[in-house]
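A single chain, nothing else alongside it, follows as structure tokens in the form predicted on its own.
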Amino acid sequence: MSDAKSWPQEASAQANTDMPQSAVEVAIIGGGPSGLAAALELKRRGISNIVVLERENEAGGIPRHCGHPPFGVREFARVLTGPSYARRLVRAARGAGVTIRTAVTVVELRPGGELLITSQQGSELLQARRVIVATGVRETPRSARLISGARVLGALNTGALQSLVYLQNRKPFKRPVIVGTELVSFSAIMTCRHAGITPVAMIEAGAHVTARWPSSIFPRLVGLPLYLNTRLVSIKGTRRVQAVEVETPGHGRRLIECDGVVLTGGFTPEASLARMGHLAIDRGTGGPVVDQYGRCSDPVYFAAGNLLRPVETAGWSFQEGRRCGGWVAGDLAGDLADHARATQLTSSDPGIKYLMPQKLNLTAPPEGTKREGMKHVQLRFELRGKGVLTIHRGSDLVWQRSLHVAPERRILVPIKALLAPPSHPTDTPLEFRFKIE
């Protein structure tokens, strides 16, 4: 593999000659499971000049904050807590020779792979032949949830709770209310139990628990009241949380006394870098528009892990990152399908929350090449029920299947079934439709 510093012609014309500059083959933004997995796979494929850029003081990502199992079953054939899993990933990457730079913030993504970064040493420019963005997701904060009431101590999201409990050994409250029933909401229950915190209620605005069964039985097993069709209206208190006001259709409003509120879920990709830069963003996922290789609108950039869509487990993100590392290695070798010949995937159906990837190269790869990208188009739905998913190219029906769908239920459509015959035009969008039966 050629030395990354042998291609100065790729450096951006925006470069400031007074600023320190360096070059790498691949820069990976984000040191969580997907970013570290991508780095490990790149090393395995013989790409030597790699750097992982992590804004926290330690790499490992969200699992660092999750002091409970199960993590690592697929990756290490072990049941690990989140911090143990994160440490093992970091050790594996460093053991493979991956450079991990912590406490580094990427300020700007520029065309052609030029990154403006800052650290305690100041600002610098980093030129990469390829960039993998693996910045993950974040929970929706209170400010975006339109919850009224005082700005008091004791209202926080799951990430903040886990950081306080597992990293700082603090107990922010004794009797909180947990808002939401996504998978992370049940992680919040486990975090509370670990710290000796006893939640007084779990509330969900919808008619069903959002996470898949058997999560719904867990509150009952631990003696936690679960209230469905119950919406958080406001938070009461002077200096600290003293109660929450909730509303249930047909039963009006009432107060639940508590000393804290855990606002869980409502994940959105941490795509601020892409939004402020030049990469196209998908309205459905909130992350970058990608093809089946994770390749963005600027083909120098790739995306992996939960940046692609909210939200999957650490193990799923690890596998996506590993595959993305392989696609980047293939791209550097000139072995991927043409980025410019991708077909758009569309849906105007309000029941379909998002499609990922949003573009596909539908031509069959030539024999002898390693062009296989994602095997499936991933869908999530806004509704719950049984219906028929159909995929159309113009007036032609390409694929259909009866499905049971629900929020947070992953639906996978095989990309192989969507490949176009050689004589069929691939510039006609594929439209996804769903009809409730």
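The first residue of the sequence shown is number 1, and the count goes up from there. These numbers come from a predicted model, not from an experiment.
One more form of this protein, predicted together with a small molecule, exists but is not displayed; see below.
Residue heavy atoms within 4.5 Å of the small molecule in the predicted complex occur in exactly one stretch of 304-312, 199-207, 91-99, 328-336, and that stretch is 304-312. Under a 4.5 angstroms non-hydrogen atom cutoff, the small molecule in the predicted complex lacks Glu382 among its neighbouring residues.
The closest heavy atom approach of Arg55 to the small molecule in the predicted complex falls within 4.5 Å. Within 4.5 Å of some heavy atom of the small molecule in the predicted complex lies at least one heavy atom of Gly136.
Contact check for Ser297: no non-hydrogen atom falls within 4.5 Å of the small molecule in the predicted complex.
For the options Thr285, Ser317, Gln127, Gln292, the one in contact with the small molecule in the predicted complex, meaning a heavy atom within 4.5 Å, is Ser317. Put simply, of Ile62, Leu40, Ile391, Ile47 only one has a heavy atom within 4.5 Å of the small molecule in the predicted complex, and it is Ile62.
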